[in-house]
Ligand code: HPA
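The chain below stands alone, shown as structure tokens; this is the form predicted on its own.
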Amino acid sequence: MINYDSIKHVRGESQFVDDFIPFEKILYGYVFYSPIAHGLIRSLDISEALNMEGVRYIFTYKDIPGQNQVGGIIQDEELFAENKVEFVGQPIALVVAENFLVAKRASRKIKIELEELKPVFDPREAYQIGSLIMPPRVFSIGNIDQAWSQCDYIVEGQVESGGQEHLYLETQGSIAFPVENDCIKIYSSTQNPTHVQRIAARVLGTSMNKIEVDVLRLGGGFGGKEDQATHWAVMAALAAKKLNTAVKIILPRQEDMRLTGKRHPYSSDFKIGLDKNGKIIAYEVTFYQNAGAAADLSPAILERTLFHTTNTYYIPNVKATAFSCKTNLPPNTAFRGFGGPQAMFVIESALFKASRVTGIDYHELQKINLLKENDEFPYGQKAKNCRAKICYETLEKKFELEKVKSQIIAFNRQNKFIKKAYSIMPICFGISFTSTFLNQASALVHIYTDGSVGVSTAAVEMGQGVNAKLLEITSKMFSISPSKIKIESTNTTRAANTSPTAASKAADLNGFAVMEACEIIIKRLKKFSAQLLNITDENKIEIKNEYVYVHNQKTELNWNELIQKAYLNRISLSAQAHHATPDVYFDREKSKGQPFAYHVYGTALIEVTVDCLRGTYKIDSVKVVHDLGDSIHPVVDLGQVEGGIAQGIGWMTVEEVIYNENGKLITDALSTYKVPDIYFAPDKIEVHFLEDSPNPFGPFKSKAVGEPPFMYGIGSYFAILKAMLEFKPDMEIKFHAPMTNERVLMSLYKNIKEKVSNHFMNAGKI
């Protein structure tokens, strides 16, 4: 199988927003943003900047013809700040000039007077003062209050998980230009074309049919362009409308990192109760989500955290409470896993600490509590086609866990300062948008008279290979060569009212829509073929390998001839289909329902080596048994699993988002923000797709792949922690991610400052 997009990427032939220059005249925008985290705007003077040569216009909230509001779930975010700023990087004005450098220089001439207010950056502090995005949410099952009396062990703790920069290769960007009938066309690097269309119409004070959004592909998204791409597209549209010319806004890397939100940091408290055999009886957890200064997608992300409270374990008594806390950081946003990883890290931390108290091995506790068929999740859905146990046991056998254990024990006996350890990370991740209405998609399929095919859907290609999958689906449906098929750009005039490409649902939703559209055309072609061949029963007609077959016998009628004859006989060669995921629902008042079409299961074995003198470590290997159903495109799926693992490990280890005491991002460049590179990557990643595990709820019995593998990376944290405990068994454990080299060192040598100071004092005396 070939992923044609990858070939174009390697050759440098793929086009992105910044490559489009189809205009004789184009202007460039640069954003002037707040230098402080919280304050009142007392005055704004743009006169000097506006008078600079080459500057065409400077936009503020006063220039907006519609609503100055880009909030989606909750309308609490201004496009341009009016009277108050709430984070460093909040847009205040847009400078539009003849070139980018002039626009940037002019922004420095804008004078602003601000009255600073006390900012809040910690979610617990925000909670204490009642600074919340929305009322708290609670998921529960069983009777948590009565359950504690049944527990032989009760363990409590606190968990901190950090943010994460999306670091997509293509930064945020958009081009907008006017077209006839007072319309605007936007090329946007967005995962959510309809959201861009809707918000642009709102800000411009016009109807959605006056806004056309087109997306060819993204140079990465990871959730960072689901909601936050909208701002820059709308600014470009506003400028294009006012100035009646094309306007481009491309964020430089540093501004992209400063102005955009990250993965949500969480601060969490847990209480877990077990019986003497290690069975979890009760689990109570409170999540404090750091939403940043506006809602963005935080309410939906918080909800998915609650959905994944118990990961892949069955717990009969659960109470999970979640607070979305408003702070003075850039609004945090969607990121691969969408709140699920934060919840899974907490339950794994609870199990790890419980193992220390009970004396039962951490991984034995995992096995004891794995989900079984028909076990109930805290939100009311029951586990169906549950593969938690088979993935775990397959991993133990296939990757010879007992041998791994013995080798690690032998190594650690022979090495005093360098220690090895392993960890196992089982996962269970629900597939569907938890807002039921989003589980819909449409497809438009054309067969042209030469036999070639064009396919339009709502799916946005952002490197995850969805176009390769849609191409493969179309090829299978028509039984024609993939070379005859073109997947068109995602365009709001061809596919209206689209759901975002997110939640690992793009291939499922759009794949089913493509199948249904193809099936409409196939039925027409079979009926017409039966007429051509004088066959009374059209059900005996098949199209295989670009020929028409009757009773499994190949005829002389090939695909191209069939299409040409069908056209001449006025048979429609186009079809549009709409697909909605069946049997999904969720009652938010009761916090119960069946929100997911199915779940993805899997288990990872992670091995690490830690240098306990230096605090450095190496991820030796990651071995995975992953539940993928029947893969549509194994090459694409393997790449997604490997990429997800690397990104998950990065979140747990080296990727640390740091703001200073004033709310300014100091990890705003690749010199200060560390990501896994080729030297950090595991020496070996081995992925085994679980065999004989078809999924009846996916196209061609496949399963979604985008987000679930990210969670395997959580296991790297606990593998490092286990290696540290091999060196220092009495080490105080604090569950605080990421586990950077510095954190490893400072955990192993808690009083290192005092020891170093004493060492140099003694050395001085000598």
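Since this is a predicted model, take the numbers as computed values, not measurements. A residue's number is simply how far along the shown sequence it sits, counting from 1.
FYI, the form predicted in complex with ligand HPA isn't displayed, but the following is about it.
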Counting any heavy atom within 4.5 Å as contact, can you tell me which stretch out of 553 to 561, 300 to 308, 363 to 371, 199 to 207 lines ligand HPA in the model of the complex? 300 to 308
Check all three, I144, Q146 and I315, heavy atom within 4.5 Å of ligand HPA in the model of the complex: no
What is the one choice in S432, T474, Q90, S268 with a heavy atom within 4.5 Å of ligand HPA in the model of the complex? S432
Sort through M425, A503, A517, C325 and report the residue having a heavy atom within 4.5 Å of ligand HPA in the model of the complex. A503
Within 4.5 Å, heavy atoms only: does L438 come near ligand HPA in the model of the complex? yes
Interface membership of F287, ligand HPA in the model of the complex, 4.5 Å heavy atom rule: no
Does Y601 reach ligand HPA in the model of the complex, with heavy atoms at most 4.5 Å apart? no
Within 4.5 Å, heavy atoms only: does W232 come near ligand HPA in the model of the complex? no
If we check ligand HPA in the model of the complex, which of the residues in 1 to 16 reach within 4.5 angstroms of it by a non-hydrogen atom? none
